[in-house]
Every structure is written in C-alpha cells, then in structure tokens.
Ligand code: CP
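A lone chain, given as structure tokens: the form predicted on its own.
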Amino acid sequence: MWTRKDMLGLNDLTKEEILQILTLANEMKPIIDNRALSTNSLKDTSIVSLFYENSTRTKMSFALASKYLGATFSDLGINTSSVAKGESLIDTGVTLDQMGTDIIIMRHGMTGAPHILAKNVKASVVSGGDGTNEHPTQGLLDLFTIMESKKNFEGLKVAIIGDIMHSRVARSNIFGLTKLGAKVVLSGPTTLVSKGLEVLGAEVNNNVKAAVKDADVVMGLRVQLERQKGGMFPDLREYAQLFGVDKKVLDLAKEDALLMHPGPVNRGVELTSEIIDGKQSAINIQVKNGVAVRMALLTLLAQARKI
C-alpha cells in the first residue's frame, strides 16, 4: 500500500516502492492507445501544475495523465500569476491549498524547492524537476522503458553520457537504477563528469567508448547550451566529436542495446540523427511511457490521501 504524501525524489524511495509504480504503470499504459479504457477514478481529484521553468514533455504528460483518469487539471501560468508581482513560493502554494488543490506538480530552478513547498501545504507535491537535484518522474519513466525491454535490472550495464554535473535526470536514474541492481557508468568531459560523482553510486569513465562497451542501455543527456558561456568545453563541434554518440560508438554496446534520451535532443551533438531515428532508439517510447508512469503515480498519491 502506498502511504507517501509527496513524490520528491527517487533517492527517498525503496526498491519495492519503485517497482510498485512501474507495475501499475504497465497496467495503465493501454489507456493511452485505447481511450475507451479511460476511467473516472480520479474524478474528485484537483491537480495543478506550477512550473517556474519551461516544459513540454513533463507538463503535458501530467495533463494527459490527469485527463485519462478523470481528474481536473489546471496550469498556473507563472508569468500571468501573482508570482510576477512578487508572491513567494510558499504563499502561492498555500493559496492553491485553500482552493482545494489535491496535488501540485512543481518544477523550479532552485534545488530543494519542492521539499520546502511540501512541508507547508496539505496538498501532495510532485517534483517535476528541481535545480540540479532530481527529476523523479523522468527517472521512473526511464526505468519503466528499460523494464519493458530488458525485463530485469539485475546485472544490467547502463551508460549515461553527457552533462552529468547539471543533470537532475542523471541523479534520479542513478538512484533508481542502482537500487534495482543495475550498474551505472557515467561519461563525458571531465568538466561535466568528475570522479566526485562516484559518491552517487555510479562509476565514472571519461572515455565514452570504454563507457559504452558492452552496455545494455546507452542514455544520452542534453548538453545544456545555456551553460556554454561557462566554458565547460570549447565548442559543440568538438564536444560531438569527442563525446557524442554515433553508430560506431553505439555498435560498441551490446547488439540489443537500448538507446535513450530524456529530450529535447540536440541532434548531431549528443546523438546523431541516424541512431535517434534507428531501430535501437526508445526515445519516442519514453515519451509515451511518461504518461503511463504519471498516471500510476497520480493514482497512488490520490489513494494515499484517502487513508
């Protein structure tokens, strides 16, 4: 039985809780393709998205997940809300609380912001990504995608390539994958993938080819172009040559290796179009699985609120 009020990170969850979400997501995924299976199981649940940063996949998949379950979904446009007048995060959350909101989906540039909100509202808070901390629902949908393909996590080698230092996606994946028994290898330029990241439970190998060798899953991460001004690497062309994944690099992984990326992808930088659109790519499947995972999570949180 699910008893948690909030979903703030995979680092907080047990292996059993992660598997509970993935199992329910598997049951709910058919609804996406067959709307006749949609339910009104959350018809009395009010869900609000509170995104201080831009989003396409996360926000829309939560909106559609809510719709397929019969919940009421509203998006608080930050630029047209009282936040633009200087209203604090807590005051905004308490206001939503008083309006009868059951679940708040939140993205914020400050690490720990969802944790602060969760402590100050009665509503359940779901992190849609906070600073460079975690992006738990992206981690869950990635785990679900791997589970569908590989069935079991024990002994899998997962290579994650790219800007690990600034990636909340990477952190959630590391926490989830290692709890489920997979080995995670991180790779990229030393300025973005330092040995210090091994404290998270992963191995670091800055040689991309060595990291990808015999991997069961290869995951690219977005080069955060907005950080280019920080001089993390000389230029995108050099990054693509040294740390990008193309077919030759992907061929070093196992023959049935899965190619993943949380999106949006900078084509020709992190991954080439040839492999993005190739038979090993699960990038579009990840998008669909995001809806299934978020349906499962919303269901569990709503159920816990009734206990």
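In case it trips you up, residue 1 is the first one in the sequence shown, and so on. Please read all numbers here as calculations on a predicted model, not as lab measurements.
Below, we turn to the form predicted together with ligand CP, even though it does not appear here.
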Hey, with ligand CP in the model of the complex, do T58, Q138 and P262 all fall inside the 4.5 Å heavy atom range? yes
Given a 4.5 Å cut-off on heavy atoms, tell me which of 263 to 271, 64 to 72, 38 to 46, 24 to 32 is the interface stretch with ligand CP in the model of the complex. 263 to 271
Can you tell me whether H108 touches ligand CP? I mean in the model of the complex, with a 4.5 angstroms heavy atom cut-off. no
